[in-house]
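Coming up is one lone chain in structure tokens, specifically the form predicted alone.
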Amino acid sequence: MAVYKRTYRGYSGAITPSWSRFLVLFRFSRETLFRSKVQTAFFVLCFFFPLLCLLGIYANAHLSVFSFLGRRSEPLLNINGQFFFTYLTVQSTLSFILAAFIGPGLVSPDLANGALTLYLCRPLSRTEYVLGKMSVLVIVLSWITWVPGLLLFAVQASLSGWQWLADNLWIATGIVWGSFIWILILSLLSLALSAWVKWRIAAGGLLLATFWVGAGFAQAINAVLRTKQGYLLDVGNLVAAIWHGLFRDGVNMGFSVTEAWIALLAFCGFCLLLLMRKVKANEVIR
């Protein structure tokens, strides 16, 4: 019997730190994220409104450009909390549509093809797998929500001076926290639907239906019981109530901000529970 050399050698290169291993899933997922031209075109479209807002802020600070219109005395725009609330409302709508494209295809292919066993047999826990898949939505949606929002805030602060920055620093906090809440809800709901509904189109449709059905159900409860507590079942109204509190516009949604926080945390916990029930290395079918 011939004796061959033992040419196999163990891997001796650099090892990925354990705290950042979940980002490996994002690195490989982003390669297939924008293969669709429609998806890529829509992602680019999401930057048009921030660009329009940037032009408005610049024009507002340089009214001499509009001297031929005879409008030098009053500003074109009032750059305050309401301005950034409108910005966040528009960008959150676009991010919702983008999540409907991206989210349903993150977990369902792994479940349909039995790939979870291959993931979890490596030094990657269930929590890290969920964080890795969620990071795809969190990072992509951040690019079109709070990142341009903070850029707009920084431009306005640079044009208005340090006093405006000191007086309106709470607006930057509202942009970050408001975007984070919305992104967290979309990420958890998208992954949960992707785990339970393996057909991508159906999962995207259910993501849209979750908000529409919830809004209709809340309206029905309010009409029958003559109350506004039914809005606690409408995720869109819950987020809006928190945003109104963050941007200090004094709008009352019929329930307190504390109730909105509790309802949203319960909703996120329910989505996480549904997701973790599906994310496991093997499944017993009876």
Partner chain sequence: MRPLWWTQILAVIRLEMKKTFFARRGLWIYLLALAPVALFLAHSLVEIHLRGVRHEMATQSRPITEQDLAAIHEGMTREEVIARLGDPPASRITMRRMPTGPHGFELIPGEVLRYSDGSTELTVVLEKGAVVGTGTTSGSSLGQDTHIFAGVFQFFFIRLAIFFGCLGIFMNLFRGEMLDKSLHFYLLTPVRREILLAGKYLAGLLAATVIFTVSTALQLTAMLLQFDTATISHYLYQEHGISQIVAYLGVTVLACIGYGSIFLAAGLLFRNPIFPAVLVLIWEAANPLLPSLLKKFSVIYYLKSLCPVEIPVDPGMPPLLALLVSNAEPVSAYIAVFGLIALSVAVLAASMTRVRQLEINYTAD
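Worth saying up front: this structure is predicted, and the values here are computed from it rather than measured. Positions refer to the first chain, counted from 1.
Heads up, the form predicted together with the partner chain isn't pictured, but that's what we're talking about next.
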ask   = Hey, in the predicted complex, does residue 114 get a heavy atom within 4.5 angstroms of the partner chain?
value = no
message = Given that the partner chain is not shown alongside this chain, does residue 248 nevertheless sit within 4.5 Å of it in the predicted complex, heavy atom to heavy atom?
response = yes
ask   = Going by a heavy atom distance of 4.5 Å, is residue 204 a contact of the partner chain in the predicted complex?
value = yes
ask   = At the 4.5 Å heavy atom threshold, is residue 154 in contact with the partner chain in the predicted complex?
value = no
query = Quick one: of 121, 166, 208, 159, which gets a non-hydrogen atom within 4.5 angstroms of the partner chain in the predicted complex?
reply = 208
message = I need to confirm a contact call. Of 59, 52, 44, 223, which residue comes within 4.5 Å of the partner chain in the predicted complex, counting heavy atoms only?
response = 223
query = Among 196-204, 123-131, 179-187, 146-154, which stretch has residues whose heavy atoms lie within 4.5 Å of the partner chain in the predicted complex?
reply = 196-204
